[in-house]
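Taking the form predicted on its own, here's one chain by itself in structure tokens.
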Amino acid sequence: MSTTLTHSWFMTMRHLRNLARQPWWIAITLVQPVIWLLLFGAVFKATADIPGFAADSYVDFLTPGIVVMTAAFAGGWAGMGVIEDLNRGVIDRFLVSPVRRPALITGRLVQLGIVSLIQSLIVIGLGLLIGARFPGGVVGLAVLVGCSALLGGSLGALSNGMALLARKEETVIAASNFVLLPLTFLSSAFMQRDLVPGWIQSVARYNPVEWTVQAGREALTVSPDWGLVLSRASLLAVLCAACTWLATRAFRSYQRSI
């Protein structure tokens, strides 16, 4: 276990050094979420006037959803880095080295978590600038960011596994778009759950994006239901562990094919 943790740390530092060489990448990946926050916040501003709406303003309601969406998309596109390393022969060199296989995945996921943290803080800061208020304070925001990181890690592990099996940028791009947009819109990221059609409410019960949004929004309320928060966070933790295991197993399929 200690060896795996050590190797994971080394792999994390490798990916962070790569990120330090292209810091603008974080800003570029924030363009779409920022546009959605500003555009949707303005277009659907009157939604908060609907009787029974859960927030005082739509920006209060939307900002946690955008934080979750940003983490989900960052995780879904994580496999592109694996494709690049495959094309450059980096993965093959790691596989003939003593490095532990789980470390090859966990190192990427820790780096992804750090990127998600930075992006989430930027989105939250922007939300505060345009008027969002979060009664749950720092603790609630920490829960939101932490659950978003678990979601991003789950999707990132699946994206890495897909990249190892498919080895084509086109396949990873198509799979990411096919999964991420439905997961986002079949949740309450943009609209209160009891205001959407019944079939979407049914699907949302099994949607990890919905689990993340529920946990984050509940933690940001004045009096959070911590039982609900912990149950959703536990589901996300189990999902992240399972996806990481699947991604690690994908290395065996890749090794057998070379």
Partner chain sequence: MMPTGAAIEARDLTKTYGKEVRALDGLGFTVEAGTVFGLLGPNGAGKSTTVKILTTLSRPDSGQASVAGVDVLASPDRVRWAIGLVAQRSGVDLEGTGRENLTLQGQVYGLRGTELRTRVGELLERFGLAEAADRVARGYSGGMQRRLDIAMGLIHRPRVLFLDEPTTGLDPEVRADMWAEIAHLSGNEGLTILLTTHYLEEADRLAGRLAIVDRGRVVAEGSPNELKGELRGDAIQVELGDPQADGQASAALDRVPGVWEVTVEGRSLRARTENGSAAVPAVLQALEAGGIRVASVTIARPSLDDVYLRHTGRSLTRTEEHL
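Numbering follows the first chain given and starts at 1. Fair warning: this is a prediction, and the values are worked out from it, not measured in the lab.
Here the subject shifts to the form predicted together with the partner chain, a form of this protein not shown in this document.
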Does any part of residue 25 reach within 4.5 Å of the partner chain in the model of the complex? Heavy atoms only, please. no
With the partner left out here, check for me: in the model of the complex, does some heavy atom of residue 169 sit within 4.5 Å of the partner chain? no
Since only the chain is shown here, I'm wondering whether residue 185 would be in contact with the partner chain in the model of the complex (any heavy atom pair within 4.5 Å). no
Tell me, yes or no, whether residue 77 is in contact with the partner chain in the model of the complex, where a contact means a heavy atom of each within 4.5 Å. no
Given that the partner is absent here, state which listed stretch (121-129, 134-142, 91-99, 157-165) has heavy atoms within 4.5 Å of the partner chain in the model of the complex. 91-99
Looking at 243, 236, 11, 250 here, can you tell me which has any non-hydrogen atom within 4.5 angstroms of the partner chain in the model of the complex? 11
